[in-house]
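Take a look at this single chain in structure tokens; it is the form predicted alone.
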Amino acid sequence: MMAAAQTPPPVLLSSACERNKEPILAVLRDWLPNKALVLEIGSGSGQHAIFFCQQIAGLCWQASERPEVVADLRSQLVAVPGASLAPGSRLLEPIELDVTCCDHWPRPSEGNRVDALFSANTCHIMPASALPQLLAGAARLLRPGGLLLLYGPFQDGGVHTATSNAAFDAHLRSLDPAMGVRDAKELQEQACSLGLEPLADVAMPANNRILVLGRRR
């Protein structure tokens, strides 16, 4: 008997996504409302979008990426069979979104506010000057009571929580001084000024965390 052909790996593949998707899924199950509409910032390979829609029934996931790479993301998601998704879940067509460009953000209205905005491993890649724009965009687009969930490594009051995070921070800054592990306390203070309240700080494997913030009702 011939061996079954293996599914070829996607053109874009993030090993980090493969490692962290299960722990993140557990947090999403705890926090997302039923039939949630979620906007993901910086979807990259689309692995999170695909996996979460395969695991959570009724989930509607809007992936996004910067204009120069959104075509690759689109080709990844178009190839996903609808039958592989959980009952009632939908993968929407990815949109172009650069958090620093106001014109890229969807125009908030009662019909398109989202239940949650999720982003993984982007805060330390985008320049620190872009973080207030990310927070402001989330505050505009989230429905009252909606959630902002940010996954990645974070400092606390300028102090790294692990030596591996300190080394990672130094590596990022050697590549580009605009990058770096961000300060959770500073981020939460910025968020509060925009109407986003810190709700939880969830410890994750490999010295990562998920910061959960909620838009005031």
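Numbering starts at 1 and follows the sequence shown. Because the structure is a prediction, the values reported are computed rather than measured. What we label the rigid core is the largest C-alpha set whose atoms superpose within 1.5 Å from one form to the other.
If you look for the form predicted together with a small molecule, you will not find it shown, but the lines that follow are about it.
Undergrad: Using a 4.5 angstroms cut-off on non-hydrogen atoms, would S14 count as touching the small molecule in the predicted bound form?
TA: Result yes; S14 sits at the interface with the small molecule in the predicted bound form.
Undergrad: Using 4.5 Å between non-hydrogen atoms, is D183 touching the small molecule in the predicted bound form?
TA: Contact with the small molecule, no.
Undergrad: In the predicted bound form, is there a heavy atom of the small molecule that lies within 4.5 Å of any heavy atom of I95, even though the partner is absent here?
TA: Outside the cut-off, so no.
Undergrad: In the predicted bound form, does V38 come within 4.5 Å of the small molecule, counting heavy atoms only?
TA: Because no heavy atom of V38 falls inside 4.5 Å of the small molecule in the predicted bound form, the answer is no.
Undergrad: Are all three of G137, L142 and R215 close to the small molecule in the predicted bound form, meaning a heavy atom of each within 4.5 Å?
TA: None of them does, since no heavy atom lies within 4.5 Å of the partner.
Undergrad: Which one, 153-161, 60-68, 27-35, 184-192, holds residues whose non-hydrogen atoms are within 4.5 Å of the small molecule in the predicted bound form?
TA: Of the options given, it is 60-68.
Undergrad: At a 2 Å cut-off on C-alpha positions, does A71 qualify as shifted between this form and the one not shown after fitting the rigid core?
TA: No, the C-alpha position differs by under 2 Å between this form and the one not shown.
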